[in-house]
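Just one chain is shown here, as structure tokens, and it is the form predicted alone.
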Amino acid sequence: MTGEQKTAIASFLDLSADCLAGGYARPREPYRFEDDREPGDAGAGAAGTEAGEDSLEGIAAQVRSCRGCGLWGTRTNAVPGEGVSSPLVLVIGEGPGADEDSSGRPFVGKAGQLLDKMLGSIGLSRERNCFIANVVKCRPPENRDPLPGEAEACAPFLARQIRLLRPRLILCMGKVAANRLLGECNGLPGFREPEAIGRLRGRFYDYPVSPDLSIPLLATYHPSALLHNEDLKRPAWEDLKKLRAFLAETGGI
């Protein structure tokens, strides 16, 4: 039996228990079931586990079956993320909107179309050299900011994606993503008092992936903010130019 099948069975049992207990969906940690191994193959499986074997496809399957917070109950589709497996840049937003929830893909609405143009202006795209993900993988109702517990439930998925992708640079779009990841830079689950994106943007930070590896991180305005306030386009362009210069200096573009 595959890990995905085990997760589906466990999720069904959880749902049944919640129904019998009054219908309230209790928060649970995401399941981490592994595929069954064939007889005589225990050694190979154990070696894979010890080596930290993981995959973007496996993470995506777990995201789609996750019931780790209440957002699963209102989603149409979870949105694991998409892009190339060895990206120059990992773009991180706050969470899916209505278009993303409908399609299961990140940044496909008006803000996503603007994001694609922003990336294209400096030689980047999700098809060639970027991966696009979010802090939370399911749409918060009415596009509100993710709650701390919702971000915590999704944090292991994003952390695993970052470890697998190992991008040259992380680009945080907007205050939610920036505060979340920059809080982790300081050993916190997010800043205790969120900082405005205007105070965080335009500087490079070091995001710790492991004791011996950190990845440069740059924050800028979310594309949706640019759609509502054209005055933000110039500082956002300055941030993109810094990103392009960084990649050029490090042999990326």
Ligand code: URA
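Residue numbers run from 1 along the displayed sequence. Bear in mind the structure is a predicted one, so any value in this text is a computation, not a measurement.
In what follows, reference is made to the form predicted in complex with this ligand, a form of this protein that is not presented.
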Checklist line | Option from 162-170, 82-90, 96-104, 117-125 whose residues, in the predicted bound form, bring a heavy atom within 4.5 Å of this ligand | finding: 96-104
Check: With a 4.5 Å heavy atom cut-off, would you call N179 a contact of this ligand in the predicted bound form?
Finding: no
Notebook entry, point to check: Is any part of 216-248 within 4.5 angstroms of this ligand in the predicted bound form by a non-hydrogen atom, and which residues would that be?
Noted result: H222
